[in-house]
Structure formats: structure tokens, C-alpha cells
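Take a look at this single chain, the form predicted on its own, given in C-alpha cells.
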Amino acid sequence: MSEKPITGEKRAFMTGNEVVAWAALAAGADIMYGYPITPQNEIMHYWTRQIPKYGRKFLQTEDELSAGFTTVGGVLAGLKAFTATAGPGNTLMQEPLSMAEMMRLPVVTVVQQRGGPSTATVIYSQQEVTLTTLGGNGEGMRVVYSPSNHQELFDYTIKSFNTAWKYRFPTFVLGDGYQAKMRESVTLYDPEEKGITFVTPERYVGKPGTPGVDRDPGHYRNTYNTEEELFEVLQQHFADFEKMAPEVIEYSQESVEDADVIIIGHGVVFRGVRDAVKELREEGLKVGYFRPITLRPFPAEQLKALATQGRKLLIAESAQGQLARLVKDAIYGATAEIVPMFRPGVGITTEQIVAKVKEVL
């Protein structure tokens, strides 16, 4: 590999898409496969602009199905490969990503959510939560990080490569069109200088030696002949996922101990949630927040512990209850009241959250 893309720490002011490209470079990604779709296009632009200096590669495919399957191929060849998409592209990607799920391939995908369903808007939403966490014809054996700012976009894009290669589940960074396009301050750094040790990728196919003589043969399948055989394989996947969950689950919470209302939000909406809690606390109102950082696996036990009698959980999201479904599943049997604040395809401001909380109280 040529020179390091980042040495030491560098303060920068850039778009979220640019941040993702720098993070992938810093993480040692070898190749990006992609197809243009707004609002993720500039990830491809910034990646291709930088890679000649650092000996990395890029392949533009004819559509998102191809982008997904070529990323799968890159991983099988032992490359740290990634792709990025949005909206209808994310829909198409579900077939190759289901294959990655079945074959336990560490594919990394960055999703910059846009309005839905279908083409809808190219601007923003949180309407790809269900698709990204539980998409495809499988059981959602994947890891999904939901960053809320440019620093987290950088940190979690780097982290996603390690999570994917350590646990061998497809891993997603679920951003959105606002984060993709806006400019914000960020500290870029060399992960290894921060003590982050990278999991070394390894080939699935094309290993040296004769299979069955010099080494065990590789047996990578996404198709099975009998129901029982598939059932057995899936049981192992579920066990691995369950064992992994406590190690990868991330969340944050504040002022929840005495709160009458706990606001739940993720991604860019969390910024409004955090500021609303600060403002409401200053007014003497008992309000806290709970923020899932991993939407899959979800911090279910941690949230359920807070969903007690007499409390209200206000769920703020730019979708019609996609986060709410994850929350309801997590707290099933708990007695807290759920208050929806659903604004599909549009942003949610601090002022709107404050007003809603006052209405609820």
C-alpha cells in the first residue's frame, strides 16, 4: 500500500459524503463498487478523486444489483470492499446483501437515506430503517449503525469494516441526505495511531494449496437442497448473532432516571432530541432521551429497563413508525405509553420536539 491518507489529526470542514470517502481510505478499504444515485453520489466522486494517490480501486457497475454482487465478489477475493447507495438503490441491493447474509460475507454498505417510497425525493428521510435492518428474504442477520453527525460518520464507517470482518455479518452505516450534503467540522485521524487494530481480511476463494490436501476445502453456499440442512445452518447463524450482539450494541441515554417523558430518536434527528432535552431540563421539566446507535442488533434490554409504568416514550422519527416498530418489539410487555411523532420524509427540529413534549406533559 502507498502512503497513508491521513497522519496525525486533521480538522476539516466538509460534506458527509466526503467524510465517508476519507473514512474508507483511513480504514484501508481496497475497492469501492458503486452506481450513482442521489444523495450518495459524492462518496464515489471523492473516493475516485483520492484513490490514484493511494493505490486503491473503483468500479462503476451498470446498476445497484451489480454493485452489490461485485462487492460480494471483492470480499470473496479477500478485499476490504464496500459500496454505497440510497432509496431505490438500497431496494435493489437487498438481493446481493441477502446473499452476503447467507454466506456470512463482511460486505460494508453506506446508505444515505432519501424520501420514499420509490423515487419520491432525493433529499432526506429515515424511511430506510426497516429495509436496512430487516431487508431481503432473510432474518436480518446484519449490523446497522446510525450516526448523527460527521464525526460519527467518520468513526462508524471505520468501525464498520472491523465489525464486518470480525463477525462476518454484512454491516451498514445508515446515514441520510442531510448528513450526506451538509458541511460540518470533523476531526480526521489515522485509526492505527488511535490504537485501533484492523482485522486483517482473508480470501474466501483462491487460497494457496490443494483443497483437501494442504488445507480444508472452502465451502461457501447460498443454496441448500433440504429444509433440514438450511434450518441447521441458520441455527448456527442465529447463535453467532446472539453471541455477537452484546459486543456490538451501542446506545446513549441522558437524564432518564427521574424522567416522565423519554424521547427516543436516532441518526440526524437525535441532534434535535438532545437539544430539546437540554432546553426542557433548563425549564425544570423531567425529560430525558434514549438513542439507539445500533439499530440492528437493537439495545432492547437497555430500553426495556426504562419503559416502566407511568412513563411516556416519545418516538421522534422522519418515517411513519419504522423506529417505533423496533422499539415496540424491544419493550414488548412493558407498561410505558408510546407517543408517536412521525414526520416521514421531512426533518424534525428542536422547536418541534419541545412543543410536542409540552403538549404531552
Partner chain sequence: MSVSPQPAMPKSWRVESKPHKFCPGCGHGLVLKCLGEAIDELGIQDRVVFGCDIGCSLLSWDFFNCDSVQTHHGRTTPVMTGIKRANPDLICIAYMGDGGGYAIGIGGIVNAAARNEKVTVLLANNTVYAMTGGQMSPCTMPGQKVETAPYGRDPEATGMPTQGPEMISAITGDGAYVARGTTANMRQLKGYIKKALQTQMEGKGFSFVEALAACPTNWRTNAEKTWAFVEKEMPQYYKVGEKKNPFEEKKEAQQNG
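Residue numbers count along the first chain shown, from 1. Treat the numbers as computed from the prediction; the structure is a model and nothing was measured.
As for the form predicted together with the partner chain, it is not shown, yet the points below apply to it.
Contact check for residue 36: a heavy atom falls within 4.5 Å of the partner chain in the predicted complex.
Although the partner is absent here, residue 317 lies well away from the partner chain in the predicted complex, with no heavy atom inside 4.5 Å. At the 4.5 Å threshold, heavy atoms of residue 123 stay clear of the partner chain in the predicted complex, well away from it.
Within 4.5 Å of some heavy atom of the partner chain in the predicted complex lies at least one heavy atom of residue 44. 92 is the sole member of 79, 92, 256, 103 with a non-hydrogen atom within 4.5 Å of the partner chain in the predicted complex. Taking 236, 119, 252, 151 one by one, only a single residue has any non-hydrogen atom within 4.5 Å of the partner chain in the predicted complex, and it is 119. Between 288 to 296, 307 to 315, 326 to 334, 51 to 59, the stretch whose residues reach within 4.5 angstroms of the partner chain in the predicted complex through a non-hydrogen atom is 51 to 59.
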